[in-house]
Ligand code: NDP
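Below, in structure tokens: the form predicted on its own, a single chain.
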Amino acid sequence: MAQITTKPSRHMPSYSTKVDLFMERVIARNPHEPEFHQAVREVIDSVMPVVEVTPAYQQARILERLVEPERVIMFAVPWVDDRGEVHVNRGYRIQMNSAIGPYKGGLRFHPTVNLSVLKFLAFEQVFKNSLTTLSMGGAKGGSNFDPKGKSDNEVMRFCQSFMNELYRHIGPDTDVPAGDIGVGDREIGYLFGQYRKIADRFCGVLTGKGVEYGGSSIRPEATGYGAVYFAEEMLATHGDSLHGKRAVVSGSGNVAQYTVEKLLERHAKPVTLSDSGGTVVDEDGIDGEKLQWVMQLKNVRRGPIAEYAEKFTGAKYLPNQKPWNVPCELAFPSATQNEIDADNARTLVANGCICVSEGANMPTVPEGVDVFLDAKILYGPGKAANAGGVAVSGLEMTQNAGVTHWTRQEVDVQLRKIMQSIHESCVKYGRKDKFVNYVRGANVAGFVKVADAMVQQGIV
């Protein structure tokens, strides 16, 4: 690839002007999709200098093609509840880019799901998957169905109806969905069972499966583990470690739980968890016994995190609050997009936070990202820091293709290596003097691999 220069000619429009003009066209073509606009802007800000010094990218119109999904699938999902009443939800699959491999990305079942959210997630997935070093394109899908409060039979009937349409568009060499928010072991099992029945074949068409039928060890843990591994790599660049450091974690689902588990293994001290109702703060630290209780609460009883403060002496519950006002050295946003605003970011920095590793997708608003970068703290964006989940999904695909199963230790070793490789790529493209801009590094590293593949394959 050509050498990158970051200073434009004084006779040419500045990079920021070119980004603004590009974004005007994106917004005009995709109105009322703010999450998608936000995701695109972040990437284009980073990669425009690369495009400007690479004629092949300009001639192939790589940026224009990258922001246009290769395929958008939208369909009705009718299902019947336990009272016999009929409901109709909307299902989606956004197949964003397949230049470096079959489409890969999760399914999200949540009331907030819409085209904008899924296009943002699919766009992010393209670069995240590229960073993993594995051959996976980017996609995302889901439905505005809310599994909370539904019986197992209701969830099963919904999943079967959803797969009745989705099965036409997926396959082990075409598109391999996984889980995401609202889609865990239960939902993946129902989806896989229906696919197997309709397609009359047993194959690795979904990842996140139970180990009994082709799933990989530590797939549920992978996103949280990976975020901690990435934080560890960032700290190591400063000759530092996780040991003894106080950590705030948002969320209390899969990613948050296993972030806490790995932090404990690395001798850090996690002190918060949260959900849509509020935040619990435990100054004594959330230890292994308390974490097991949280897993029972959230994964089995599906209760509110507020119950933690009722169970454990000394813990307090902050209703309708996020954990970002709690003093810490480490922050792991692990809930959802845009959960850290600029004020939250300033509070984190003022309270001594030196490292943010995003377990969720795009959890920090652009102004908040600027706060972290201006303060020159260690900031790992989601497309790099939370890539552990899709990395192990890719390893599950490899195991399925070879009709084999790797041990927990073997998968964890591979996950650690992948997170180290992602970190190295971010440093390669993001270092300037002694500071590493991990946002730029992740965006450029992920972009170059996909862009080069698109150029080599022609205009398709």
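Since we're looking at a predicted model, the values are computed, not measured. Start at 1 and count along the sequence shown; that's the residue number.
A second form of this protein, the form predicted together with the ligand, is not displayed here; the remarks below concern that form.
Interface residue among D282, E232, D180, E261, judged by heavy atoms within 4.5 Å of the ligand in the model of the complex: D180. Residue-level contacts in the model of the complex: of S130, N97, S252, T364, one residue has a heavy atom within 4.5 Å of the ligand, and it is S252. The candidate site formed by V228, K290 and S357 is entirely out of contact with the ligand in the model of the complex, as no residue has a non-hydrogen atom within 4.5 angstroms of it. With a 4.5 Å cutoff on heavy atoms, L378 does not count as touching the ligand in the model of the complex; it lies far away. Taking non-hydrogen atoms only, E329 never approaches the ligand to within 4.5 angstroms in the model of the complex. Among heavy atoms of S216, none comes within 4.5 Å of the ligand in the model of the complex. Using a 4.5 angstroms limit between non-hydrogen atoms, H169 is distant from the ligand in the model of the complex. From the list 153-161, 272-280, 368-376, 241-249, the contact stretch for the ligand in the model of the complex under a 4.5 Å heavy atom rule is 272-280. Annotation for 317-338: interface residues with the ligand in the model of the complex are S334, A335, T336 [heavy atom within 4.5 Å].
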